[in-house]
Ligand code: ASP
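First, one chain by itself in structure tokens, the form predicted alone.
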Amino acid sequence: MKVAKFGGSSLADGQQLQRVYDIVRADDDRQVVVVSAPGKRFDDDIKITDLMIDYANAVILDNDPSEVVAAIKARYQAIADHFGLPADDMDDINAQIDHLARHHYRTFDYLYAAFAAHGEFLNAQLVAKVFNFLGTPARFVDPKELGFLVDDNPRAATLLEESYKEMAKFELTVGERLIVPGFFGYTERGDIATFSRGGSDITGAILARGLSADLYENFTDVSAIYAVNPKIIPHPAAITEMTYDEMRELSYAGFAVFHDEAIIPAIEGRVRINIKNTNRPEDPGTMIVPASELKNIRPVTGIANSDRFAAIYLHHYLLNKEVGFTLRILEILKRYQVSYEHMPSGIDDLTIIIDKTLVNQEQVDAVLRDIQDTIKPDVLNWIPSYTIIMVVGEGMRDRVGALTDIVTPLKENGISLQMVNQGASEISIMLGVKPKDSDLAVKAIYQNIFE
């Protein structure tokens, strides 16, 4: 059995949904289909999820939502019209869109979650209607039916472990496709809570593990995962096969093809993942497998960069001699609910790298004040923009000269390094550079290793 997940670009309109239908019909093993909300049809288009958030904002601010409601209904209706669905097939979907504004929500965060999740929730219902209309038996399955329980975090939920026991009890019917909305689950109190944005990948991976799938197919708009961002290097090398750990490291550092949290359920269930192209389903795509199944080990599999980081730099003489120094830093971060990504240090220097998307300026200011008052460093600086480059490959384990191949081209291009750190896994080397040097650094490393 296969779980097949289709992203927003794969479901943006009726023509794309026809491709999805043909892909699912072509393989009887594709029994579980996870769908995202319809994405952009063209560059200036608006995703359904963004329209749903606009709808939520209108309700919260007590503004007239009729214009955005009409736009949401029109998007779903256009898909229905493409297939010639009977007019009354849309009545219940339109009624649910209207009901969103009348429902009572515990908090504004739960309101946002419910509205955002309905992009997927409604689309899964519509996809099931289309499949049945075209002659393929399909059933819409609410995640609640699967026992899909998440914690009480409305907009960044985590699946509760006991959910897997409930999913294992779910029986599949031969010849019937299950159409499941991605992106959300239910709290124990029955509220909708969403994963982080792009969380349909997470739903697909959870179902692949929970239903003991043989393969998790993740359909998107590219034919493979590439060794580097194609916006930096035109026509880069395609990755035909990579390990779970390589994918997780690269996703974390900027590879947007696959959600970095989605790899974890697949690892736990040892489910292989195939990244494929909805528009070119015949292409083999990229296989993500356990390290023990990797056939070809290369020195470097991929290079990723991300500028979503910032850093706190402090200089304090003899900090390496001060017992408990790092503990005091960690206690300050905990006090203000700030998580750190990395903390490279020297004998007198310490850099705390932070994901900017996870903190606000008030938290940052509070942490800096507390460090100044408690630690009394000789120098304390906030670096608002910090770029991390990850060079990743299973072949880097115990390989002599791996760092030289990476650092030498940077020196030749006059790029200074702010930080170098080899991960404990030994399959990645992390570099810190100034944002202005980021793309040039990636290009220099790629050309030295791949070309």
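A quick note: this is a predicted structure, and the numbers were derived from the prediction, not measured. When you see a residue number, it is the position in the sequence shown, counting from 1.
Absent from the display: the form predicted together with the ligand. The rest refers to it.
Contact annotation: of the candidates Gly198, Pro281, Pro236, Pro290, the single residue with a non-hydrogen atom within 4.5 angstroms of the ligand in the model of the complex is Gly198. The partner is absent here; in the model of the complex, the one residue of Ile388, Val391, Ala37, Val32 having a heavy atom within 4.5 Å of the ligand is Ala37.
Annotated contact segment (heavy atom within 4.5 Å of the ligand in the model of the complex): 43 to 51, selected among 56 to 64, 414 to 422, 43 to 51, 393 to 401. None of the heavy atoms of Phe219 is located within 4.5 Å of the ligand in the model of the complex. Proximity of Phe255 to the ligand in the model of the complex: non-hydrogen atoms within 4.5 Å are absent; the residue sits far from the partner. When contacts are judged by a 4.5 Å heavy atom cut-off, Phe183 counts as touching the ligand in the model of the complex. Using a 4.5 Å cutoff between non-hydrogen atoms, Glu120 counts as a contact of the ligand in the model of the complex.
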